[in-house]
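There is one chain below, alone, in structure tokens, taken in the form predicted alone.
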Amino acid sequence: MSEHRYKWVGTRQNRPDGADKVTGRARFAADFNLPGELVGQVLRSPHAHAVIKSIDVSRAAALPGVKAIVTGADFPEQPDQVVPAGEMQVNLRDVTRNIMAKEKALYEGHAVAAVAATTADIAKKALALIEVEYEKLPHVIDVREAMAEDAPILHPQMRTEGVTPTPSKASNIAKRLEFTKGDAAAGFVKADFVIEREFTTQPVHQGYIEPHAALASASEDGQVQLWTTTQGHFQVRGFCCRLLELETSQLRVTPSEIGGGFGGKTVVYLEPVAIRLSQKAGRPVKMVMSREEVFRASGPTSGGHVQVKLGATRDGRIVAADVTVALQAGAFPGSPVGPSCMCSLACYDIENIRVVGFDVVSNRPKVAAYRAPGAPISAWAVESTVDLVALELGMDPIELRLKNAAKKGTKTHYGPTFGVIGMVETLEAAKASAHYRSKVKPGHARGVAAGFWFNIGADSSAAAHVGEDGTVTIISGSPDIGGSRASLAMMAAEELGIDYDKVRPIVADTASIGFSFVTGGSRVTFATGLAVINATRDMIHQLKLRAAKLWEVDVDGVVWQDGEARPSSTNVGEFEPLSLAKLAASASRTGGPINGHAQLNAQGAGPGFGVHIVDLKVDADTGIVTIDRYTAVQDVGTAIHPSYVEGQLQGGAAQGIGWALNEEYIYDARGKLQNAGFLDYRMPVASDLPMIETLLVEVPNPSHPYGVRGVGEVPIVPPMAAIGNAIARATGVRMVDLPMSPPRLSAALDAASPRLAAE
């Protein structure tokens, strides 16, 4: 870390929500209740692909205790219009069909009806009484099979975008996109050697512990209140109002504390359904997904197929790259194939690049964002291939990356030219780390990989209020999923020159603060932080005006320093400093309450780079991988709260380790998910993980007063490739399919043993 420059920024303060979290007082979505509330439950398709010929709810409606039933017919038709959804894009027509199937059920678990009843038992019985007539259709699960000419077609009206002329035939390929820089074909001619490989990944779930939950209360005057677990309550409001034809002012959304999201809680599932049930029943309706429903019906990230071709010279310069990424989107278009393509080669300054992406639908749940959505998939392939280049050259893998590293002035293949970035500094820190300088233990091997995320800014609003006692309340519209309340309070305290414990940060509902984009894309500390800083500075201007009024001087004669208004010079006059508390006490005599406000569309989010180092050993008999040491190195701009930044790096690494070694959706031949629960969906637990070391490199972002760069996305990008590279160096076997689970790795080792013995 850089030399400490501030009183609060860069220190490790207690988090404002900490006591409530550890004592159980924090209220998550399922903890909210209202008098007279009903229980809502969803009927889901047992088929992966089927026409819904009819739905008969008469027997369920006649069951005593059932107060409302909804089907797809209760949700108005939506236009074919693409809108933002967190770090991704969704189509409104598709969203309304994802929350409740209309013409077809497109995946096992697809919602087809919902009931609201007085008890959970009655709701369950009512679901069993709903009669749905299905006409089963052929289904497709794998992304490459979905792209085939003879694949079952999910959407007969869909034509591939990005292809000229527009195809006349329906396809499961929703979109083709391409990024180019230089001339890839000419670049490969200049290469001394070319390495080409194909890689696959399987869908993995975000794995948040808190399931989706919502409580809706629609009143007789058309007003609706909603409490839900979400990363973006303004986005929930926007989706629900569009899907239910409500005016924005009719719906007030309050976000609960959030028990994990990682991008998976940036869309709507239960919320519109709960509102419609409440409208029909005239009573509040509470809905909570079971763990099985979370897996079957909410968005994992994509599975993918990636082809990588790299050309290099013998001195280690990568002169050409060609990457093709095909990502499964689930039942509706909208995989993160764009970000995947953008991030694929952004770590490197390569003269000639071609990257092609395909967005592919298949009979799976619609994907949602998962921490740097799409980037880990392309990085798994590209960084594995970069390691192959290093092995071919007999070159240190960090030295190879340093020789090709992106830096200030590098033009990316997806458009922008980098400003101040820290790729080189991060690689140098990794190379100089105690981990990298240590000897590899006998029987172990070391792997390295790099990762990138562009980070985002977008809309944020904030307000700052001075209390009667001189304390300060900071209000934002950004749900806190990674300690952002503490970071916002620390920046406000730094601006004001007051103690951190005199600032109370609040996350407000949609009626209490201006619009703010979702908490995602590593934007909040940067973008909402800017809004808080500006709101605080607006308040400081108000405080100076009040002091000037009391002293009867011009406002230019007042400065704000160390939490007090002071004369700017002796020429202004001899005045005692006025603290926040004193100015608050006199507020009614100087113009009323003292507040500050800010709203902005933040620009200039600083890109982030990371390098991960892993030491591991492989049991040749069982294929079990044991990670002995792990270090995550990252350019974090300025670590506002170093403990939370370290936690982000450790959390991303832990999730990447699970993605690399165990996690996957497993389907049977009928298109049914076989491991919809934490018992069979193998997420890593503490005993599976080493102590994850972190190194924070600080290359401040010049677009932020404190140099903030988003940090939450990058750490999940390198782990899979770093682990795969270490496995390859340990065994001589290059794994190209994720996860590298014990059965897969053991089979690969057995298959390769005759060749390795011969070598």
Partner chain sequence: MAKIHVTTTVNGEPTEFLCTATQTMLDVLRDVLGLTGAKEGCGSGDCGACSIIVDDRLVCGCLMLGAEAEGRRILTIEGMAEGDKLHPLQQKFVELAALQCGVCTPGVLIAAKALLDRNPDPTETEVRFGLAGNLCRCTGYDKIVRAVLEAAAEQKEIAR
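Keep in mind it's a predicted model, so treat the numbers as computed, not measured. Positions refer to the first chain, counted from 1.
Below, we refer to the form predicted together with the partner chain, which is not included among the displayed structures.
Residue in contact with the partner chain in the model of the complex (any heavy atom within 4.5 Å), chosen from P333, G238, G514, G207: G207. For the candidate set I258, I398, A598, A493, a heavy atom within 4.5 Å of the partner chain in the model of the complex is found for exactly one residue, namely I258. At a distance threshold of 4.5 angstroms between non-hydrogen atoms, I692 is in contact with the partner chain in the model of the complex. Put simply, Q655 is close to the partner chain in the model of the complex: some heavy atom of it is within 4.5 Å. Proximity of A60 to the partner chain in the model of the complex falls outside the 4.5 Å heavy atom cutoff. Although the partner is absent from this view, S643 contacts the partner chain in the model of the complex, with a non-hydrogen atom inside 4.5 angstroms. Look at 725-733, 62-70, 42-50, 24-32: in the model of the complex, residues with non-hydrogen atoms within 4.5 angstroms of the partner chain sit in 24-32.
Contacts with the partner chain in the model of the complex, taken as any heavy atom within 4.5 Å, map within 662-677 to E663 alone.
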